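The data below hold one chain only, encoded as C-alpha cells and taken in the form predicted on its own.
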C-alpha cells in the first residue's frame, strides 16, 4: 500500500463562514467518525489541524508572516492514509465531512520519497 495525503481546504478567515460552537461539535463528531472509520480499516497514518498563522520562507532567506492564502485556499488540516491506489484514496477522501460545506474541498496527493522509490 502507498501513503496519500488528504489536504482539507475551507474558509478559515471569513467570520461569517465560521460555525457556531454547537455546529462545531457536530462537525467534529462527523470528522472523528470519518477518521475512526479509516483507522478501523488500519489505513490511518496520522494527521492534524493547522492554525491560520504561519511563516513563509522564500529563496534568499526572506521570511514573511503568512501564508495569506486566498480564502478558498486555506488549509485547515491534513491526514495521511494508506491506500492501494489513487482511486481508493480518492474514495476515502470523498467521504470527508468537510465536503458538506459550500466551497470546501479536499486534495489527494500520493506521498513519494525524494528518490521517488515509494
Partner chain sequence: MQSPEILPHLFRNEYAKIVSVLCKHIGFERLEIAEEIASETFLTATETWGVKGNPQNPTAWLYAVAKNKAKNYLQRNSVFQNKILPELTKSQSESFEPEIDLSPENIYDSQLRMMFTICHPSISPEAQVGLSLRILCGFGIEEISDAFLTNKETINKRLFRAKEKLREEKIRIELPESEEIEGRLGSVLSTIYLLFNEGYHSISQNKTLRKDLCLEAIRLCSMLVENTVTDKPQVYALLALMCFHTSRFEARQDEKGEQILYQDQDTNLWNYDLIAKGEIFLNKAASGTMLTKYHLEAGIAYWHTQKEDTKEKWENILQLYNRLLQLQYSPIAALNRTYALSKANSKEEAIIEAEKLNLTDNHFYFALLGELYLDIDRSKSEENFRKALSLAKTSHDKSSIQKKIDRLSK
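As the structure is a computational prediction, the values presented were derived from the model and not from experiment. Numbering follows the first chain given and starts at 1.
The same protein has a further form, the form predicted together with the partner chain, not shown here; the description that follows concerns it.
Within this chain, residue 32 lines the site of the partner chain in the predicted complex, having a heavy atom no more than 4.5 Å away. At a distance threshold of 4.5 angstroms between non-hydrogen atoms, residue 42 is in contact with the partner chain in the predicted complex. Under a 4.5 angstroms non-hydrogen atom cutoff, the partner chain in the predicted complex lacks residue 54 among its neighbouring residues.
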